[in-house]
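So this first bit is one chain, no partners, the form predicted on its own, shown in C-alpha cells.
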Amino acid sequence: MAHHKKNRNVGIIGIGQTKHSSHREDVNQPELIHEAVRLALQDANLTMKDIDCVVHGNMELFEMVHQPDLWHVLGTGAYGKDCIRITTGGTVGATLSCASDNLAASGMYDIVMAIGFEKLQEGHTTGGITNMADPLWFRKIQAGALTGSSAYDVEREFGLERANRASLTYRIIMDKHACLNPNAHRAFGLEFSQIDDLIRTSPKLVGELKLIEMCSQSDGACCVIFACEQKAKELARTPVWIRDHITVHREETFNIFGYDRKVPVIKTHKFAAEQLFGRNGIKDPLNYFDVFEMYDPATWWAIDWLRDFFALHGDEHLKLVENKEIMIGGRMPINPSGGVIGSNPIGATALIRVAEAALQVRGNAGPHQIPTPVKHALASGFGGTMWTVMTMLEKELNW
C-alpha cells in the first residue's frame, strides 16, 4: 500500500478469538470458526446483516479440504454475501488483514470481516511442508517446517552458551506471557531457573533447535471486523486505526544453504521495516512503538529478527532479551499474548498478531494487558519462503 494513498481511513471495530488447543475435538471446522465470528460480532455489537464482505483464509491443504470456504459458510455466515478466499502460506492471517483494510479503504465495502482458522489435528502439517527441503542435504538445518539455520547463525556470532541461554530466556518469557492469556495453547509455567535443565534435556529437532523452542500446531480461529472511518466512528467507542502495512517477499532468491556472509542478502524483515518506517517518518521504532506482536515460529528466529525489525546493532537485540526488556512492563513488550510459540493455528496465527496488537491499543486485552498506555502497536506475519507482512496500528487518527 502506498503511503498516504488510502481513499478512506479504516479502523478495527470487532475482535473474536477461540481458545487454542492441540485438539478441539468438541467442534468441527464451521463450528470452530463460528465461535470466533460470534465473539467478534458481539464485540462490535453487530449482526451478520451489517457485514458487507467476508475474507476467509487458511492453509487449505493442511486439512486436505478443497475450497473450504464453501463448507465453512455454515460457520462464517457468509451465505449470500461477497466472499473472498485467500491462501498465502504462513502469512495468510496477515494478508487477510491487509486485504480487508484495502477493501474498506477503497470504498468497495464499508464493513469487512476477516476470518483466519486452522484445525491442524485433522491434517498433517509437516507432511504438507516436508518437500520444502531435501531430507538428505538439508538434514542439519531443515526438516519440513523445522529450521535450524538461525540457531547456527546466532551461535556462530555470539557463541554457543550465550546463544542457548538467550534462546531459552526468550522461550520462558513467552511462556510467562502465555500463562496470562486464557486463549493460549501452550502455557507450562516455566521458570528462569530451568534454563540449564532445558538446554540439556529438551530433545533436539534440527541442529540446535530444540523441541521446547519450537512453536506448536494448534486448532483455533480468529475473526477481526474492519470498518471505514465513518462507520468505525459511528459503531465503536475505541476503534483501532490501521495506519499502514507492507508486504515483502523474495521467494525467487530464497536461500538457506551455502550463502556467503561476505555477500549478505538483505532479509525481508529488515527490508520491510526500513521501507515501512521510512515512509512514515519513524526514525527510532524501538522508542516509537509501545508493543510488538511478532510472528515468532521459534525462539532462534525471534531473537535474530528483533535486530532486523528494530534496526539494532551488534548484540543490542540479545541484551533486550537477556535484560528481560521484552517482558510485559519492559522497554519493548514482545508478544504479551505468548506469541506463535504459545499458539499456532497457522491460518489464523498472523491475524491473531493484528488482533492482539489491537486489543493492547484498546486497553482491554485482559490479564496480559500492558500496564502502561499503548498508543502505537506493531504486528508482523511471516511465511516460510521469506515472506514478511508488517502492520502499524494507532490509537489516534493523528499521523
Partner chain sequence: MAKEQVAGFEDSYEVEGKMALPYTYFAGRVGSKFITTIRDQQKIMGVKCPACNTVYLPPRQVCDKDFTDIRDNWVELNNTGTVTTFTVVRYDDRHLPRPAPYVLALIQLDGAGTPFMHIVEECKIEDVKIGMKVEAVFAKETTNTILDIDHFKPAPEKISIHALNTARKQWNPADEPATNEKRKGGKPDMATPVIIAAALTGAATMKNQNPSVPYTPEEFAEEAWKCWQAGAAMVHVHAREDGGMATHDHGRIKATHDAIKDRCPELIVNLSSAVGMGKTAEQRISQIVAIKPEMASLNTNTMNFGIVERKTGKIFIDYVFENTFTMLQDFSRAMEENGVKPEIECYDMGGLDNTLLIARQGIFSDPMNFNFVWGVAGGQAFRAESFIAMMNALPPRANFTTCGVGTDEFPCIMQSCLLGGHMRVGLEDNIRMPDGRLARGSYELVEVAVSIASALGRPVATATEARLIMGMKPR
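Positions refer to the first chain, counted from 1. Model, not experiment: these values are computed from the prediction.
Although it is not shown, the form predicted in complex with the partner chain is what the next lines describe.
query = Three residues, 25, 34 and 41; all within 4.5 Å of the partner chain in the predicted bound form via heavy atoms?
reply = Result yes, every residue of the spot touches the partner chain.
inquiry  = Just to be sure I understand the contacts: of 327, 187, 199, 74, which is the one whose heavy atoms reach within 4.5 angstroms of the partner chain in the predicted bound form?
reply    = Answer to the contact question: 74.
request  = Tell me, out of 121, 280, 216, 194, which residue has a non-hydrogen atom within 4.5 angstroms of the partner chain in the predicted bound form.
outcome  = It is 121.
query = Would residue 63 count as touching the partner chain in the predicted bound form under a 4.5 Å heavy atom rule?
reply = Taking the distances in the predicted bound form, the answer for residue 63 is yes, it comes within 4.5 Å of the partner chain.
query = Is there a heavy atom of residue 370 no more than 4.5 Å from a heavy atom of the partner chain in the predicted bound form?
reply = The answer is no: residue 370 has no heavy atom within 4.5 Å of the partner chain.
ask   = Is residue 332 close to the partner chain in the predicted bound form, meaning a heavy atom pair under 4.5 Å apart or at it?
value = Residue 332 lies outside the contact set for the partner chain.
key: Heavy atom contact within 4.5 Å of the partner chain in the predicted bound form, the stretch among 172 to 180, 221 to 229, 282 to 290, 74 to 82   = Among the candidates, contact is made by 74 to 82.
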